[in-house]
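Okay, so we've got the same protein chain twice, two forms, each given alone as structure tokens, structure 1 and structure 2.
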Structure 1
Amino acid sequence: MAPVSTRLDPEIEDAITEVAALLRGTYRVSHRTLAILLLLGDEGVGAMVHRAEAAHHSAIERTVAATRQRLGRDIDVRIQRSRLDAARELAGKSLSSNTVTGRSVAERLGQWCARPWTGIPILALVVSVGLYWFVGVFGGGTLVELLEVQLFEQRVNPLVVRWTERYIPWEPIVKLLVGDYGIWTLGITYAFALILPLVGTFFLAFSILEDSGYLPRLALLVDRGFKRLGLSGRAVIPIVLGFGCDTMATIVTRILETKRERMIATFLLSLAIPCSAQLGVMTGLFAGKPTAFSIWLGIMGITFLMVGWLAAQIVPGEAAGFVLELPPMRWPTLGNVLAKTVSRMQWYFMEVVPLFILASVLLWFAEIVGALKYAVAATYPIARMLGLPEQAGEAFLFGFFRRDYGAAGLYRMQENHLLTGNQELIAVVTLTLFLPCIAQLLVMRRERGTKAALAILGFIFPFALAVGTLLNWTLRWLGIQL
């Protein structure tokens, strides 16, 4: 078989040769490979070369910067396309297949998913069936009713409370275990009876989409629109992961090529993307209320697009290129889907459940020392400004500890018939846009820096309250009762 050429176009080859000639150190890969990665802006390779070429690293850095500026923004795309062309050439010389006339159903479906006129309706179908009906109605309605009401509230919790009060004589310890903010009555019950079925159904739906090959086509579908937000189609990966966990998704923004893109993605994750547990509880709140769900979805979509566009105008830096190799569409494999779902559920048990217990302990301690009532009272003006009962302020306070904690508080208020339909919508919209949880805030500070984290918080807090207040006034002015 004849060798496959992996040489790039002459202009880029000259740039690679110029950068490679400046490298003096000994590396595990060739100087040509390092030069390509430096021109692509690989931060890890840049740090390694900086350490190895300390004596004349400034000359290398100037040459790379000048070369990237001379070649333009599409250097990344040109290099990636050359690699893909070489891979196709190699595959063409190495593989053979039986000739099949026509295209398969999977190929047609894959093309439909990536084209706007057919891809957008397919996306709407995925959101309505996968997110609303499966996660919201089935997970947040049927499963939560089975676990929380019929199992925990009616059978398990009364038994645990009775045994605890009978065998533990110390009232503070009884409150720690089965009080209003008890480890069992709040932490364990919320984690297993309320959040678990919602997270489980979301992870299952996400694994099916992932294994089918739909997500890369979604990235291709949104690429043009994302470019108006300062992002590329690649950003769909952390954005979609944000619906699982915004903290994890903030870390995954490292895959984005430019600092500008990483900043915008982090900002949008903090503002407009609810995590799986929060999303599950909120869709559970809207179970059987498609109008309220549609309004909430519309507000979130408009906010995502509007704020993203504004961020793209303000945040400095260059736009990133986007090249994507599409895997084939296929029926999801049951073993793969179950393995991915179980793996994510293990993460939930290992990472999230201990945080629920810790939050219960912190709330119990704050209640014992008397600090909790002052913190909760400080949220009452916010609730009144939004036209909500004062108890709703607790949900916003708890949501800062854990986003899903706040959403679960709203769910409990709905069960006790403390919220009207309009108030449910206002509370859910405000809480979705509200401050990120402590874990996400800490990761955001580590990834983007203290100034960026404070700037993001400084925008989100008043913006969330403004949107919630405006929604309250609008519903009243139009006379809408949900």
Structure 2
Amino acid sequence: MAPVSTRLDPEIEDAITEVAALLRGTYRVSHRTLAILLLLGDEGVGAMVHRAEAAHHSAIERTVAATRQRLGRDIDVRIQRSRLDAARELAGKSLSSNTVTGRSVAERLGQWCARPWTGIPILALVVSVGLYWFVGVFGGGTLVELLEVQLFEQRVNPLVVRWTERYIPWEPIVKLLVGDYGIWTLGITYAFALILPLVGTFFLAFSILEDSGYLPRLALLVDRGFKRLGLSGRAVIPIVLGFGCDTMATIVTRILETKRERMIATFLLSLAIPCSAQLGVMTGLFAGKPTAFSIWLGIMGITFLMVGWLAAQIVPGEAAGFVLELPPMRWPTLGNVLAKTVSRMQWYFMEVVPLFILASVLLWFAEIVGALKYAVAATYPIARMLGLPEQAGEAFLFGFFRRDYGAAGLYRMQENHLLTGNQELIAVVTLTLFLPCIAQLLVMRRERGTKAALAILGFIFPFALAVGTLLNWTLRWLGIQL
């Protein structure tokens, strides 16, 4: 078989030769490989060469920097393309197939998912069927009705309350367990009766998408749009993970190449990406109200794009290039999908149940010492400003612990018919824009520094309230009743 050329395009080959000629040290890989990795901006190799080439590392770094500047940010794409061409050439020479050649259904579907004209309608279909109908209507409507109303409220909770009152003689302990903010009546009921069906359906839908190979195509689809926000398609990874857990996704922003990208992605995750539990509860709130769901989706989309674009103007620098290998589009396997869903649910509950119990204990303690009524009263002006009933302030206070905890509070208000359609939308939009939880604030401070974390926080709270207030005025002014 004739040898396959793995030569890159001439301009890059010249640059590689120039950099490789400057390397003097002894390495376990060839100077050519090192030169390629240096040109690709590999930080680990950069540090290794810096140590090994003590005498003249500055000359190497100058040459690499000048070459990268000259070749522009396409360098990694051009290298990757040359490698792919070589791999295709090799495969063409060494493999033969008896099957009729031509693109399979999976290949065609994969291409449709990644191209704007077909990819955007497919994305709209995924959001409406996967998120709205499956998570919102089925999870938030049917399953919550079964679990929360028919099982917990009508059967389990009255039994638990009766037994607790019968066997525990101390009033404060009874309140701690089954009071208004009790560990059972609030923490456990929220976690298992409300959030379990919502995150369960969300994780199931997400696992189907993940197992089918849709996510990398989504990354490709949004790459061009993300560049306008100062991000590359690679940022889809932390953004998609943010729909699972924003705190983890903030740590994953480390995979982004530039400090600028990391900063913008962290900011957008804090502001406009609801986490799985929050997304589940909020979609559940909109079950049977497709107009309100669409407005919420539109507001979050516009906020994401506008704030991202503004951040890209304020934070200087260029968007990095993006190369991602596309695995084939496949039919999801039941075993994989269920295994992933169960893993995620177990992981979620291990994290969330202790926090919900802690929040219940803190609220109970604040009620016992009489501080809760002052804290709740402090939220009344916010609720009034947003045109919401005062009790909604309590949900915002809960939302300080975790946004999903607050959203579950709104869900309860909706069940008790304490919110109109407009108020539901305003409350959900405002709560979505808040910072997801205290854990994210801590991780954000750790990853981006105190100054950046405070700046993000300083923007988010007034912005969320301003958007909520503006939405309230707009709905009134237009005379819209949802």
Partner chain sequence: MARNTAVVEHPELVRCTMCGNEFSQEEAAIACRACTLVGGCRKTRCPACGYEMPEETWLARWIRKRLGGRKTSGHD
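Take the two forms, find the largest set of C-alpha atoms that superpose within 1.5 Å, and that set is the rigid core. Just so it is clear, the model here is predicted, and its values are computed rather than measured. Residue numbering: structure 1 sequence, from 1.
K.L.:
Go through 1 and 2 and tell me the one that is the form predicted on its own.
P.N.:
Answer is structure 1, the other one does not fit.
K.L.:
Spell out whether the Cα of Glu415 moves at least 2 Å between structure 1 and structure 2 when the two forms are superposed on their rigid core.
P.N.:
Glu415 C-alpha, core-superposed: shift of less than 2 Å.
K.L.:
Relative to the superposed rigid core, does the CA atom of Lys451 travel 2 Å or more between structure 1 and structure 2?
P.N.:
After core superposition, the C-alpha of Lys451 moves less than 2 Å between structure 1 and structure 2.
K.L.:
Taking the rigid core as reference, does the Cα of Thr17 move 2 Å or more between structure 1 and structure 2?
P.N.:
The answer is yes; the displacement is at least 2 Å.
K.L.:
With the core fitted, just quote the Cα shift at Ala35 between structure 1 and structure 2, in angstrom to one decimal.
P.N.:
For Ala35, the C-alpha ends up 6.6 Å from its position in the other form.
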